[in-house]
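As a starting point, one isolated chain is supplied in structure tokens, in the form predicted alone.
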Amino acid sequence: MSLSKNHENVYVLNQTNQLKGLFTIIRDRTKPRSEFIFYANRIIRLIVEEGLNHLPVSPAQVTTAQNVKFDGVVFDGRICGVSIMRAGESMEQGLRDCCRSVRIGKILIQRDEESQEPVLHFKKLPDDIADRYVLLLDPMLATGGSAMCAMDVLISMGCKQEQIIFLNVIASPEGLNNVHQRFPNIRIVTAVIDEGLDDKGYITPGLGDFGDIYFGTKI
């Protein structure tokens, strides 16, 4: 894991050959959906595990089966996941695989046809979300409009920026800039930072619409 040179509080997975190999598969437009899901899930699991590394811990001592003391740690506080529908729901199972019985909220944001601005349409969040660390889930960070709208929702519910960790598969430099300028204390964990956005606002080289491919609605 490395800290982005251009953005404080942005953490990028180490670009190992394993990770590059996984991205080679999910970016390949000729691969079947089943392979996309399998290898995307592997990447998501890596991102979730790294996101959990950013939670606070306290020292703890236990006794092993050999009756030996072991000095370890326990996590402080409680967490919840919040997925930005629909693509963010693809990351929920990866979080559940790491955190048993984790609570997961949902936020639906859609772009207004006239203003082209993201608009909140639906939210279902734990009542005590202000007392939890929030893992915000969305695989693609393009312009950052939807992510920032979701962050506004969480902050309006009483969350502090320092409580929010945004988990992301592919980010654009433009999206990172936008989010960081507005929410400098929100931590972002991403698997890779791509080259940028094309003239239509899509991430390049990207991989297409993550949610459409993952859930089988790609035309």
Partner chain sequence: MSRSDFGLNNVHVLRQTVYLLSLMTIIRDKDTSHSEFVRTSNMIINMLVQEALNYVPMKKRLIVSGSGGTYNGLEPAQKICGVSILRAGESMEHGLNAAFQSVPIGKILIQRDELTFESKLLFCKLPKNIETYLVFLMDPLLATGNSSILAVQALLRKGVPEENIVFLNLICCSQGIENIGKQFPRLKLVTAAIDPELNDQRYVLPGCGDFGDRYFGTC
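Residue numbers count along the first chain shown, from 1. Just so it is clear, the model here is predicted, and its values are computed rather than measured.
The discussion below concerns the form predicted in complex with its partner chain, not included here.
Trainee: Please tell me whether the candidate spot formed by Arg42, Glu49 and His54 is one where all three residues come within 4.5 Å of its partner chain in the model of the complex (heavy atoms).
Mentor: No, the candidate spot makes no contact with its partner chain.
Trainee: Please identify the residue among Val119, Val102, Ala130, Val73 with any heavy atom within 4.5 Å of its partner chain in the model of the complex.
Mentor: It is Val102 that has a heavy atom within 4.5 Å of the partner.
Trainee: So its partner chain isn't shown here. In the model of the complex, which residue out of Ser58, Thr63, Thr30, Ser34 has a non-hydrogen atom within 4.5 Å of it?
Mentor: Selected option: Ser34.
Trainee: Whether Met85 contacts its partner chain in the model of the complex should be assessed with a 4.5 Å heavy atom distance threshold; does it?
Mentor: Within the cut-off, so yes.
Trainee: Report yes if any heavy atom of Gly145 sits within 4.5 Å of a heavy atom of its partner chain in the model of the complex; otherwise report no.
Mentor: Outside the cut-off, so no.
Trainee: Applying a 4.5 Å heavy atom distance criterion, does Leu125 contact its partner chain in the model of the complex?
Mentor: Contact with its partner chain, yes.
Trainee: Verify the contact flag for Arg78: yes if a non-hydrogen atom of it lies within 4.5 Å of a non-hydrogen atom of its partner chain in the model of the complex, no if not.
Mentor: Although its partner chain is absent here, Arg78 would stay clear of it in the model of the complex, with no heavy atoms inside 4.5 Å.
Trainee: Counting only non-hydrogen atoms, choose the one of 34 to 42, 163 to 171, 148 to 156, 189 to 197 that falls within 4.5 Å of its partner chain in the model of the complex.
Mentor: In the other structure, the partner sits against 34 to 42.
Trainee: Going by heavy atoms, what in 92 to 111 lies within 4.5 angstroms of its partner chain in the model of the complex?
Mentor: Stretch hits, in order: Glu92, Gln93, Arg96, Ser101, Val102, Arg103, Ile104, Gly105, Lys106, Leu108, Gln110.
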